[in-house]
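Quick heads-up: it's one chain on its own, the form predicted alone, in structure tokens.
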């Protein structure tokens, strides 16, 4: 039996004003940023910071379902399988599907009430190349936005067009706040927007560069994708019949760079850490939490394990991720003041063991080509001995094993040649490499040469290549568990 704590909305949703536009309406936004806005408006008994949330490429069904409920929904925050808080949320004032018709979205983006635009569009939604973080001019949608800027398809294109129109109307620009799980996410959306804005003229690009704020933020809460099974669980355990409900862990963190020229909610009173520099927090989280998540995903799937909790229930996986965090990731971190890294690591392992979430490894494995550069490869770059030294070697064997498991996943077959779907924008590229190079030595060499994923320092690093090749061959010949066990004794 689950012990339930209920939290209700304390303001009238019909008497608040929309001040935030959000692009990328999904489970994470509803379970994270919208909850902080809800807390803020509960504390003020209303206010001017309600959210207009939009999807621009998919999931019109969610928009319709939310609209049918006047955008009210519930968030189930599980401390463990026996304790949960059921929170009513009315922070989203309206939901918009902006597919071919973006008029309603642009009306909000051009409103004088709109002070902040937030984003959760995932790494690939920024339309940047993973290796060098510049605008991906080969992306067909970016090419469209360059040719038809007033009919944008991408999130950067929408932002550029909205800013272009605001400037023409004499309106101050809104602040663009990235809430995606990437290091320096503010700088990345700035890069995409400014590069795209340059196609509208140097004067406009200069205006964007000098007048638009792009604060970075670090977000942390495990919010699994909702399924029919999880909705049925909420109905059975919490008596919640809301089709738009979100399930997540009780833990939540949001660290935000305090740079909002047009104003912002006083989030610091609602649990948000408003800071001058987000970088130490985001690097810590990406390399420790997200890096461990990716290890669990690709090695867990290779071992035919389905959820995070199932993986960390095995001592071998706990030993592996603890070794990764303490020996490979931690030495590269400049820890935020006041954070005890040893306690942080143990808290992560405890969070991973929360079996109430049923966090699917297949969800974490999605879009790995966009994620592993900042989660793993930056660690390798800081740890490897450069090629021109006398004795080249690698000191990141766990990351090398993770990369090998990711390449195994990307070929679309496990170690026993059982086929599985690959959800990644580079799936075709790596599948073609596997078809062309059947020998592991050649397949790994050409996989690591992919400039779409691997930075130049790693493309031809023989120590890293040998470590990944050895791990890959072990996964093929011995399987995931035997390979992990062997590494535990090294």
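Positions refer to the first chain, counted from 1. Fair warning: this is a prediction, and the values are worked out from it, not measured in the lab.
There is another form of this protein, the form predicted together with a small molecule, and it is not shown here; the text below is about that form.
Taking 287, 327 and 372 as a possible spot, do all three reach the small molecule in the predicted bound form with a heavy atom inside 4.5 Å?
The answer is no; none of 287, 327 and 372 reaches the small molecule.
Counting only non-hydrogen atoms and a 4.5 angstroms cut-off, does residue 221 reach the small molecule in the predicted bound form?
Flag for residue 221 set to yes.
Does residue 108 make contact with the small molecule in the predicted bound form, using a 4.5 Å heavy atom cut-off?
No, residue 108 is distant from the partner.
In the predicted bound form, does residue 264 have a heavy atom within 4.5 Å of the small molecule?
Flag for residue 264 set to no.
Should residue 363 be classed as touching the small molecule in the predicted bound form when contacts are defined as heavy atoms within 4.5 Å?
Yes, contact at 4.5 Å.
Name the residue from 216, 175, 181, 90 that puts a heavy atom within 4.5 Å of the small molecule in the predicted bound form.
By the 4.5 Å criterion, the partner-contacting residue is 181.
Among the candidate stretches 396-404, 80-88, 314-322, 287-295, which one is within 4.5 Å of the small molecule in the predicted bound form when only heavy atoms are counted?
In short, 287-295.
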